[in-house]
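Take a look at this one chain, the form predicted alone, written out in structure tokens.
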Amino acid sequence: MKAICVDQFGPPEVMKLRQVPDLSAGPGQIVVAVKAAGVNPVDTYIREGWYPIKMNLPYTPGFDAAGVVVQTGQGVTGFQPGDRVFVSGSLTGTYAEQVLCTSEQVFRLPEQISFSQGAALGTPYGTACQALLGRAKAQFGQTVLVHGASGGVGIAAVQLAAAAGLTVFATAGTDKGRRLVRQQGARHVLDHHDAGHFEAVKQLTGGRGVDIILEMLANVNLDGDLDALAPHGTVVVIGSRGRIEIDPRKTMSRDLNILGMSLMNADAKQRAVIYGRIQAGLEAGHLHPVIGQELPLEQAPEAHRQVMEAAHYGKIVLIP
């Protein structure tokens, strides 16, 4: 089979397409023929070598994919060859024609969801679900601001929040992105390049602020987020690319909460709950991943460049 291989940490060009042996399922394992692989910002951080998770070289990047089961190992129940599935996490990396997973990393893909859409589920929807419903414990009728909502996680968060009965505020940096998030269920859409957008959130909520903020770029926005939160509000830090100085007194005056989260911290029981919720949302038609671009597997370096551009929207997927 063909797979992207990384022999050394560095720029996108360190990813090379190679011919490697086909995979075989051991006890409790499943081999999936990959029809589409999702590209996430975390993939680029790991490739660069500075992320806390250090991969043993050489390795194949990627955590998310969708495809068809081709082999199951001893003790696997609930899946058989031919099943349409999506995966969140793997033993071998998803930027390949095949991926080896444990049975806990594989989930059924509804017929109405394409393989490319399935490849957008694992990290983006899992992260959004855990941030909103797990960490922030969002409730019907609350208000939420999704900061940077036109990417994969942001779109997932908007859809999940709208389906849960929250009033959704969202920001995006382009006209195209703002139109997109409005189509996904955001009631109020703002430009996060506008320095006045925090104050606009306060005005739109009658001066109260929002109950929850899901933050994709905390090193830029966190101090402003604290101004836009309602009393006892919560900001969940999903992404950050550096340090930021905040005024802690803002948290004290209104009993605010700053929570961090990483999907990688979720245990098997939590992941079962997360993806059970996602599958239910897919079946009900509330969730529908938006694909921004499909690229052939050999263009993985270009995909890594594009996923880090502020103007990109939706999900970038690789097609083996």
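So that there is no doubt, residue numbering starts at 1 and follows the sequence shown. Everything numeric here is computed off the predicted structure, so don't read it as measured data.
Below: the form predicted together with a small molecule, not depicted.
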Tell me, yes or no, whether residue 81 is in contact with the small molecule in the model of the complex, where a contact means a heavy atom of each within 4.5 Å. no
Taking any heavy atom pair closer than or equal to 4.5 Å as contact, tell me whether residue 243 reaches the small molecule in the model of the complex. no
Quick one: is residue 138 in contact with the small molecule in the model of the complex, heavy atoms, 4.5 Å cut-off? no
Please determine whether residue 25 contacts the small molecule in the model of the complex, using a 4.5 Å cut-off between heavy atoms. no
In the model of the complex, which of the listed residues (200, 163, 220, 91) lies with a heavy atom within 4.5 Å of the small molecule? 220
One residue of 172, 235, 210, 121 in contact with the small molecule, assessed in the model of the complex (non-hydrogen atom, 4.5 angstroms): 172
Determine which one of 70-78, 243-251, 107-115, 143-151 lies within 4.5 Å of the small molecule in the model of the complex, judging by heavy atom distances; exactly one does. 143-151
Report yes if all three of 8, 59 and 301 come within 4.5 Å of the small molecule in the model of the complex by some heavy atom, otherwise no. no
